[in-house]
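Read the single chain below, which is given as structure tokens and is the form predicted on its own.
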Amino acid sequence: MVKHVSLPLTAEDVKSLKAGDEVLLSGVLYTARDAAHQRLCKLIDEGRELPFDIKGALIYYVGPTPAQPGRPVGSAGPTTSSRMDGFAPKLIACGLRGMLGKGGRSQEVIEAMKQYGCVYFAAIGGAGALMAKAVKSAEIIAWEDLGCEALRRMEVENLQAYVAIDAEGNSLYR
């Protein structure tokens, strides 16, 4: 049975999701890859405000391609999540409740997920054009100089994903 999940995520949402659940995500998420994660963590270290409210947020590890006419983004497939593993625990400790990407995560990330209540969703690599159909709007909110890797606020409707690692540490990868 497919679960419909509204974004941003609540603590109750996270607790109810189990590894293996198929979900359709709807609401607002944020996109960020390596360089944006580095900048987010630098802001945290400096005690400065982030460009979005991280509490309950979901970050999608994606660098969408340029939009086709009439569309908010081009292809929007997931990137390899392990590249963000050095940054994720700090963001999770600040209130990040969800991450979406592809591939496994480090034990350090999984421990932070268990400690603070966070879930990791996996999307199917190679399905970027199909996933882009769920994107209703996208706007750059910080770091336009990063191009496709800029921090974006993205509204999605019925974006298909799977719970790869739940907040108890159960993993589809093990």
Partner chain sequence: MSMRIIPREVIVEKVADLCFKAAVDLPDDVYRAIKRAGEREESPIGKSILVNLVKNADIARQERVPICQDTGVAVYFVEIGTSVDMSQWDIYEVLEEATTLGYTRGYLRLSVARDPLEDRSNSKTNGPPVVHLKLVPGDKLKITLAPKGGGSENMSALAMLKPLAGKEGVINFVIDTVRKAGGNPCPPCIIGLGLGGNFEMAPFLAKKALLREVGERHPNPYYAQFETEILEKVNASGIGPGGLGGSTTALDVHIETYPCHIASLPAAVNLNCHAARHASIEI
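Remember, it's a predicted structure, so these values are computed and weren't measured experimentally. Positions refer to the first chain, counted from 1.
One more form of this protein exists, namely the form predicted in complex with the partner chain; it is left out here, but the text below deals with it.
Residue heavy atoms within 4.5 Å of the partner chain in the predicted bound form occur in exactly one stretch of 65-73, 45-53, 135-143, 107-115, and that stretch is 65-73. Not one of 8, 59 and 87 is positioned with any heavy atom within 4.5 Å of the partner chain in the predicted bound form. Although the partner is absent from this view, residue 22 contacts the partner chain in the predicted bound form, with a non-hydrogen atom inside 4.5 angstroms. Residue 122 belongs to the set of residues with a heavy atom inside 4.5 Å of the partner chain in the predicted bound form. Taking the partner from elsewhere, residue 98 is found to have every heavy atom lying beyond 4.5 Å of the partner chain in the predicted bound form.
Residue 126 belongs to the set of residues with a heavy atom inside 4.5 Å of the partner chain in the predicted bound form.
Taking the partner chain as it sits in the predicted bound form, the stretch 135-153 comes within 4.5 angstroms of it through a non-hydrogen atom at just one residue, 148.
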